[in-house]
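Given as structure tokens, the chain that follows is alone and in the form predicted on its own.
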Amino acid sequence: MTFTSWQFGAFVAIVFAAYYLPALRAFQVQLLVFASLFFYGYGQPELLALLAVAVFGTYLFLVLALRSRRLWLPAGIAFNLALLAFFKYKLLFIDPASPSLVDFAPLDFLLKLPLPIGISFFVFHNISLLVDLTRQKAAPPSLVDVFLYIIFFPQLVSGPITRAEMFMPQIKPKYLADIPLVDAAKWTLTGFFFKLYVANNLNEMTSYMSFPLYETLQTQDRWLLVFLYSYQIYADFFGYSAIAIGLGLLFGYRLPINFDLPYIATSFSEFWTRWHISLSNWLRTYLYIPLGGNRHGVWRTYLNLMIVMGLGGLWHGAGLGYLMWGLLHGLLLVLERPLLARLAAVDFAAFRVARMTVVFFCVTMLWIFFKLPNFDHAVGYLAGMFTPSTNPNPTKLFYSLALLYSLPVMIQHLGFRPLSEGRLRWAEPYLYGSMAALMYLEAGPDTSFIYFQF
């Protein structure tokens, strides 16, 4: 069930109405678990069994790890990583179109299952649960609480990745009077606006980046589409995260902020403190620091950065393009690290703008490998950016529409501070009213969220 469908709107309304009934207050957690299972299984009910295996298996390893952390914590992490690896990377070795992949029927059934939506996210939640709770050496939580943490429907499919030590203490009775309804409405409306008006409309143009459609583009349009995709993926993922945060607030749960104006970053390390913040924090906490972080010398630090970013790329998928995207981001972090102190010492506006421009340009260029995970296709697209087009009948793009649909991202990044600081509080009703009107009247053709594929 997608956030932008009318079925989802009806689903949320029904769950919300039942959730705060006094007669059901003692069963709020159970209601959310049931609702989340319905949400996840709405389109692919056969995958509910896999979700149950992941949750029950993680809970079993959690109980065992609380008794013997040294033995069962690595086993629980390996169990979850095996699930992720099997479903995420099996297509590297098999052809799912084959009538029979193996002679053993149950394994053949598993091999033919599609990639479970959101598996990358709920596996990371499972690992966070195991590490955080065994570190605290607390009593094991109830199974229903574990279910809620892992499958809470606003964050189940595409995050934000919420750490167990942040979410679990929030599981307690909720009262309608305590809910920040205005904040929830603002987050939700903003998210839908960025998805429906910005991302979906830009998708109509950036779809031409795919092979072989990009062969019909003029050289300058290839450049334009790369920047449009940079705006689109931000609007799409920020939109999802904002909706998730708003829905979480409606049910009394605060999810972490996932984006903080990443395209105004003046360094690549700062970019990763602003983009997909929950993933960056997860990788730093559960991978970079256990690898040694920056505690074992310069070269080991560089190696750790490359490992973390490479694995971060592969977390998105098995394509060589994802690996290249991650490794190149790691290389940028390594190259800038010795220069950060000297760059920070040069503090005047023009230099900050120049740094911001360089970071945005590099990040945008690397999105090509993300958009085109097939490495040959990505290289073909890049090559066409530096050679004149010979197509006698190229695809026509409407530059005025490209600017119109990109403007919200630009305005948010360059003019958001006065609004966030309260200096333009009087303009909020007009702003949110305009956003609601635009997303209703000028919504682009419906497309799934980009991160649903992960």
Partner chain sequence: MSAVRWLIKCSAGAAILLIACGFATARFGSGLQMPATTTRDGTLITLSRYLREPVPDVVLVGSSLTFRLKEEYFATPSLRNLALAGGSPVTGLKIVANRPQLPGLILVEMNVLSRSVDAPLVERYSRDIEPLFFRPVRAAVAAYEQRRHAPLTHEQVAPELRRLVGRPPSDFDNRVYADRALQQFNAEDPTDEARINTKRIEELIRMVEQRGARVLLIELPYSEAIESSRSAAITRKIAHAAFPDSKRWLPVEVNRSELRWTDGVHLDERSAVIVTQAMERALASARMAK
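Note that the coordinates shown come from a computational prediction; the quantities given were computed from them, not determined experimentally. Numbering follows the first chain given and starts at 1.
Heads up, the form predicted together with its partner chain isn't pictured, but that's what we're talking about next.
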Contact residue in the predicted complex, from Ala350, Leu181, Leu81, Ala139 (heavy atom within 4.5 Å of its partner chain): Leu181
Among the candidate residues Glu336, Glu204, Glu270, Asp145, which is the single one with a non-hydrogen atom no more than 4.5 Å from its partner chain in the predicted complex? Glu204
Identify whether its partner chain in the predicted complex is within 4.5 Å of every residue in the set Leu404, Glu428 and Leu441, based on non-hydrogen atoms. yes
Choose from 256-264, 210-218, 324-332, 359-367 the stretch whose residues reach within 4.5 Å of its partner chain in the predicted complex, heavy atoms counted. 210-218
Contact test in the predicted complex: Leu303 vs its partner chain, heavy atoms, 4.5 Å: no
Is Phe16 a contact residue for its partner chain in the predicted complex, using a 4.5 Å heavy atom cut-off? no
Please run the contact check for Phe34 against its partner chain in the predicted complex: heavy atoms, 4.5 angstroms, yes or no? no
Applying a 4.5 Å heavy atom distance criterion, does Phe56 contact its partner chain in the predicted complex? no
Residues of stretch 163-200 in contact with its partner chain in the predicted complex (4.5 Å, non-hydrogen atom): Leu181, Val182, Ala185, Lys186, Leu189, Tyr197
